[in-house]
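Take a look at this single chain in structure tokens; it is the form predicted alone.
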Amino acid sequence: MADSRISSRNVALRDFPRLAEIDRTVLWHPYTQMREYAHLDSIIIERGEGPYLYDIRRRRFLDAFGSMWCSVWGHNHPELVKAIQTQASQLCHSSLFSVSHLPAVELAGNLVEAIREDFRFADDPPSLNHVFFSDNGSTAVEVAMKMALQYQNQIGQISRTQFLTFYDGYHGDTFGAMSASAIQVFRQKFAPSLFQCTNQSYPMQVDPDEKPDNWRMNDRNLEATMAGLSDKLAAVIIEPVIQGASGMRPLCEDYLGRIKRYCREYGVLLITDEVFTGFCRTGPLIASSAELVEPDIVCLGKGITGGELPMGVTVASDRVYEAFSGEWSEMKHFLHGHTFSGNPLACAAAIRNLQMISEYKLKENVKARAREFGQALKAAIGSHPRVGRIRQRGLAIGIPIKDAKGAEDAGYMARADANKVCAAALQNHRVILRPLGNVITIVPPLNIETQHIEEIVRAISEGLKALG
């Protein structure tokens, strides 16, 4: 019997001109200037295996940006595929509005246990014991923001309606998440419809052995701002450990702990947006556990299903959860929900993903590969005159490309040089990278191996030749 997969590839290959035309004129790609895209060679992916993607023209590409930062085990890991297929044979979807279902119950319990394990060295037992499902990272943040507002209202703090966020932060593209974000180029055209948040500086620390010169000033400003708004703030929202979308900016060590201390002092909730940093991307399952800082609410997404299916999760502490308990007539129940919250297929993938993280010692692998990656990049391009100080936390890496004046942070619009390097890496080595402004980001699958690291580093090193 003929291999149907090969047959379908042959059909797709013969039909490439038509498919490419649809891709360029009908399919609208995210964060993409379609006029520019129309002049590029379409890469139409047909299948994935491990860290590689294969297009309909039978070309192989190394996915070095983890399909928008969500890949944990690479593509189509057989154990995750099997979990999804097994679940699909039993139940594809059932709403959580009126009844429950087994995968959601099992995942909620397993996730809470995994979080407890991450915080096992904390002085107090963790209280992140309540799991609310949505369907992507942005909605996980929306859930957290609504949860914080309703919490403050229901404990009698009705004037606490504001949020404190951080410059250059990114929390998603829905309206609440956009309001909490502070990358102006993403939000300026929607600004009239967004609500205002109070922004503070996010002190970046590239060298792990030194704190930035302005660290103490930032700390004083943060405390003064929170004290001044102590009767108005509902929550602080922060990306712990590293800001992703602003160019992989690592947070100064110990700063998250100080934020938590001020939150406790002034009755403000701490929300950590770990949609990107969580699920071992920076090392631990919960990134903030590295400093033993337990948030009141944590937002998760991307890698929670291993990167195979969409899911958002918002986990709340006992203190937050208890404020929603009451009689129906009091309308204290959380006023939020999504049709596909806790979809059984996504839950099944997430359950197996959690098991695999433990079975295959993924945290240890991330630590080892991160060290290896950092050393390889430093050796290959660390002294290049156009490369700034490499930013890294775990397997979240940013390589700033200096402009003609030597600046490393020219902003999102200044992408020309980094884009040249990424284009050369794609064309000459078939390594997929994506720049953020003039920062090349590397966010590979977390089970990446040495040969893949070498492949990525070589593509970037040779791609720098495109700068002349």
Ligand code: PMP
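Computed from a predicted model, the values in this text were never measured in an experiment. Residue indices: 1-based, along the sequence shown.
Below, we turn to the form predicted together with the named molecule, even though it does not appear here.
This chain lacks the partner; the member of Ser138, Ser288, Thr314, Gln152 within 4.5 angstroms of the named molecule in the model of the complex by a non-hydrogen atom is Ser138. Proximity to the named molecule in the model of the complex, taken as a non-hydrogen atom within 4.5 angstroms, holds for one residue of Val275, Ala180, Ala348, Ile271, which is Val275. With the named molecule omitted here, the record of contacts in the model of the complex names 170-178 of 212-220, 170-178, 373-381, 106-114, defined by a heavy atom within 4.5 Å. The named molecule is not drawn, but in the model of the complex it has a heavy atom within 4.5 Å of Glu239.
Not displayed here, the named molecule is approached by Lys302 to within 4.5 Å at the level of heavy atoms in the model of the complex.
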